[in-house]
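Okay, so here's just one chain, in structure tokens, the form predicted alone.
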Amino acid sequence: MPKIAVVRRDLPPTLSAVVRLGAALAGIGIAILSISVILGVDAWTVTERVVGTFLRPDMIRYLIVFLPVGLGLAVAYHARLWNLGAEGQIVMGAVAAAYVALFTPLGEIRVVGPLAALLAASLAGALWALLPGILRAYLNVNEAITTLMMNYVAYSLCNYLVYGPWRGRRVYGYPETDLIPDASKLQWVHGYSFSPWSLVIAIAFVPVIYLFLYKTRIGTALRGYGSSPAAVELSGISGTRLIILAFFVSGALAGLVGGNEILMYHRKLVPGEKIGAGMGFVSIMVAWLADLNPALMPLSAYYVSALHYLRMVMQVGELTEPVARFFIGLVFMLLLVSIFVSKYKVVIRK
């Protein structure tokens, strides 16, 4: 009787990237045809909306979020450490940045204020990630569960502040702080809601993380730890320290994004759900679509950012929210299939 087995496929990195890129483009085409046939939506209308979205600079506002968070998650995932807490780390970074901007003298100093706020945000995100990292390193507690649960703790802490002691005096009762000082704001590109400095910072981390993972002894050990912890320990590098480092770096980049959200986009602290807005979870797709390769992460972040923005753009005009959700869901499902095909193959054995 024939047996069906799923076997790992070892494609060259370049071919794997081509397969994923082809699947990403094909997925959009299949999604357009599907909603045209199944839902009776005009295919040309959807195509225009899709192409226009991929060419609009507005989606850079999301790329600035997804790229650094995806890079940070890649560091943890290379070591097979499942950080699902980027949402909470983003929120805690936002809280720290808001504190520096609103309640310290540094917030009134140009250049110094934003730098101090972003540094505090990175540190807060790193420390928030360290707790599950320590539990995993010393007590072998499942990090997927602890990081996921800490998202909701971060939401609650942030909400306590904006509903309570940090609620602004000029916000007419809304759960938010007053606006941060102008000196701490990251100025937008004219006509858009993103800062060129935020984009530069996000892109600058690509070579930094790449060099760290592939050109340093510690980075190589991190990647090796995911497949053989014992071999890494025998090489003289502490697995415990690698776990702590992976969570620290991952949390720091997520926290940095949270600080940027306050200084660039919201310009005040708002409830945690509005800051995270599911973007920490979407960043997981960015990391895996790039196969955890920092060099491919900008392209992956661009693609996912455009789709994320497209979900909102498609709801304007004759297209409805269910159509938008169906389209994006179908594209992401096809992406998951492409990731599976690039890594595994089905073999029938007699």
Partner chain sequence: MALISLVGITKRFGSVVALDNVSLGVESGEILGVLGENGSGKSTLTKIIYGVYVPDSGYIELRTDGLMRRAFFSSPKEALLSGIVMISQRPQLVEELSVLDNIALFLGYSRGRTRKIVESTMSRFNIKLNADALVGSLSYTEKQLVELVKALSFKPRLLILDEATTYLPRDVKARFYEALRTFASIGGSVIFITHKIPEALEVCDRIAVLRRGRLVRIFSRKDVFSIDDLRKAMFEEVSPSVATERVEEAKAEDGKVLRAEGLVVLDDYGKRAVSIDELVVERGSVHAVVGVAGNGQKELCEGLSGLRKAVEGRVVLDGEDVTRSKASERASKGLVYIPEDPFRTGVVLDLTIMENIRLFATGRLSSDTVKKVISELRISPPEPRIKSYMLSGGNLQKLSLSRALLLNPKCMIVHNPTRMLDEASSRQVKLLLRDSARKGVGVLLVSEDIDEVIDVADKISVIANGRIVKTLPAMYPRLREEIEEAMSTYA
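Residue numbers count along the first chain shown, from 1. Because the structure is a prediction, the values reported are computed rather than measured.
Separately, the form predicted together with its partner chain exists; it is not shown, and the next lines address it.
The contact residue chosen from Leu135, Leu123, Ala221, Leu186 relative to its partner chain in the model of the complex is Ala221, the criterion being a non-hydrogen atom within 4.5 angstroms. Listed residues Pro196, Pro181, Gly168, Gly239 were compared with its partner chain in the model of the complex; Gly239 is the one with a heavy atom within 4.5 Å.
Across the proposed site, Asp58, Phe281 and Ala295 without exception lack any heavy atom within 4.5 Å of its partner chain in the model of the complex.
Although the partner is absent here, Glu108 sits far enough away that none of its heavy atoms falls within 4.5 Å of its partner chain in the model of the complex.
Remark: Ser227 counts among the residues lining its partner chain in the model of the complex, judged by a heavy atom distance of 4.5 Å or less. Under a 4.5 angstroms non-hydrogen atom cutoff, its partner chain in the model of the complex lacks Asn142 among its neighbouring residues.
Under a 4.5 angstroms non-hydrogen atom cutoff, its partner chain in the model of the complex has Tyr214 among its neighbouring residues.
Screening 69-77, 151-159, 231-239, 90-98 for residues having heavy atoms within 4.5 Å of its partner chain in the model of the complex returns a single hit, 231-239.
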